[in-house]
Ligand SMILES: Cc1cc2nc3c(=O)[nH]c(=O)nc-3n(C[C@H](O)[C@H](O)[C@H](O)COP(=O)(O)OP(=O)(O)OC[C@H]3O[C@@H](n4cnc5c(N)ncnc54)[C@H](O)[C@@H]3O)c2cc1C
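The data below hold one chain only, encoded as structure tokens and taken in the form predicted alone.
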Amino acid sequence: MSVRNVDILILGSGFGGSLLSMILARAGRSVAVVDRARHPRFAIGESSTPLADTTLATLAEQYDLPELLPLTQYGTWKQCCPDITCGLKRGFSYFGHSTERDFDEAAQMLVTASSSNESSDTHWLRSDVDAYMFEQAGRSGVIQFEGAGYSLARDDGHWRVTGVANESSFQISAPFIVDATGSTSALLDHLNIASQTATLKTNSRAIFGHFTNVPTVESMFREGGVDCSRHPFPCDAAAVHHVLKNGWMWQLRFDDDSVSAGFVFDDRIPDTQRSPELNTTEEWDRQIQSFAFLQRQFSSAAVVRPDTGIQRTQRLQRLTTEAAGKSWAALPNTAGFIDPLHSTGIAHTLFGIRRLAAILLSSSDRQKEENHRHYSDQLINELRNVDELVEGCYAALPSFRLWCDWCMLYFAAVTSMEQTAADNDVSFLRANDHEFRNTVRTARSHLQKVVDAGSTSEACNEFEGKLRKLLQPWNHAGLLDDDCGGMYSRTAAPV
């Protein structure tokens, strides 16, 4: 049996666990990573943002990880890492649909995130990116076990993992352990940490896969005579959101011509709840057939990933009551998850890695314990903030106009904080900004009155006026500007 004692043990080798292990190893710590699965493997959570890019760049520069810098912009990614599949993401595109008619040309909103292709964000093909991060971690000296069957125990003040990988037995011991297993929550389950998922406001589920032979939205618009000249960027070079009466569909286009696509439904609406009589493929087909535009777009589509076909989830939301203790911590995606909407996952994971790495590399044990409590409290608070920013969009349905109005709260938070993202203690999406959080809750109260009134044009106009005033302290990018007609170009992140 291979027996190793290390400083830090990490469960899970997705990009989060691998990146944290690289940082710690480069700083001189001995690190082991153990994972039950093997690379490459299918994963979603694929859409980066300017906030994610700047945070990754900060980590790469601070901890001497030059091999990661190319992944922070589309131009350098394509030049330096052409074998790692990605997609061009210039912003966020939103299109409103109904079952009664085809696409409504007036129901469009595009929000620019990057001013050029070279400086653009990316979609990550996670099977490629996670495998690359894992490989780089190994080159950094991280001890790695994948495809491992293992058991976890704690005694004598140390965590111990005993298992088998590649037909060889191993044992790893460490005084500190990190749970980077995501929804598996291996360590949280071992510790019997209570869940507080029931307190979350968002209640959604998803059905998704990767597809080929999916024509672009722009090509279908042009065929249908829809004018695309006002778009501030090619509308498919984006996180594309098709907003439906009962939820929404994402489309993320990769450079290998595959498309990540998935429906997300608000399970608070009775007719969106999973139909037990339908299998996954049948439910997917039913949803596609419900919307004329999507029916044409996916008429020749074929599933390419994962090998098991289209996937379907139960409720997406998760939230723990504790995200760290004296000898352990969980990364953000293990501590909780809200929804794919707003593409917050990659950025939040990177925020968590930046904070946790700083804590683990500090010298004072007393300070570490205090910082672990702060890390846990702040992480849970941030997830609750994301919950509030997401839930309002679902509450606005089926009104595309109100959906887009509520999105402005997220864009106000993210565009106003991009200048301060380098601060290690800055809260994600202004979660610790009490004035902003109160503004979100005040806006939610106003939104409910509009929804209860039937979302009339008069009520929507009044809501937009109130929201415009509420967002003034954080609106530096022309949000809710009537003159732009839903085509936002001033929202691009500074280069």
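The shown structure was predicted, so the numbers you read here are calculated from the model rather than taken from an experiment. So that there is no doubt, residue numbering starts at 1 and follows the sequence shown.
Not pictured, yet referred to below: the form predicted together with the ligand.
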- Could you tell me if Ser13 has a non-hydrogen atom within 4.5 Å of the ligand in the predicted complex? yes
Notebook entry, point to check: Quick one: does Ala37 come within 4.5 Å of the ligand in the predicted complex, counting heavy atoms only?
Noted result: yes
Checklist entry - Hey, in the predicted complex, is Leu294 touching the ligand, heavy atoms inside 4.5 Å? => result no
### Message
My question is simply whether Gly345 lines the interface with the ligand in the predicted complex - judged by any non-hydrogen atom within 4.5 Å.
### Response
yes
Q: State yes only if every one of Phe95, Ser204 and Asn246 has a non-hydrogen atom within 4.5 Å of the ligand in the predicted complex; otherwise state no.
A: no
Residue within 4.5 Å of the ligand in the predicted complex by heavy atom, from Gly392, Pro340, Gly209, Gly87, is Pro340
Answer key: of Ile44, Ala443, Ala60, Ala431, within 4.5 Å of the ligand in the predicted complex (heavy atoms) is Ile44
Of 405 to 413, 354 to 362, 368 to 376, 177 to 185, the segment with heavy atoms within 4.5 Å of the ligand in the predicted complex is residues 177 to 185
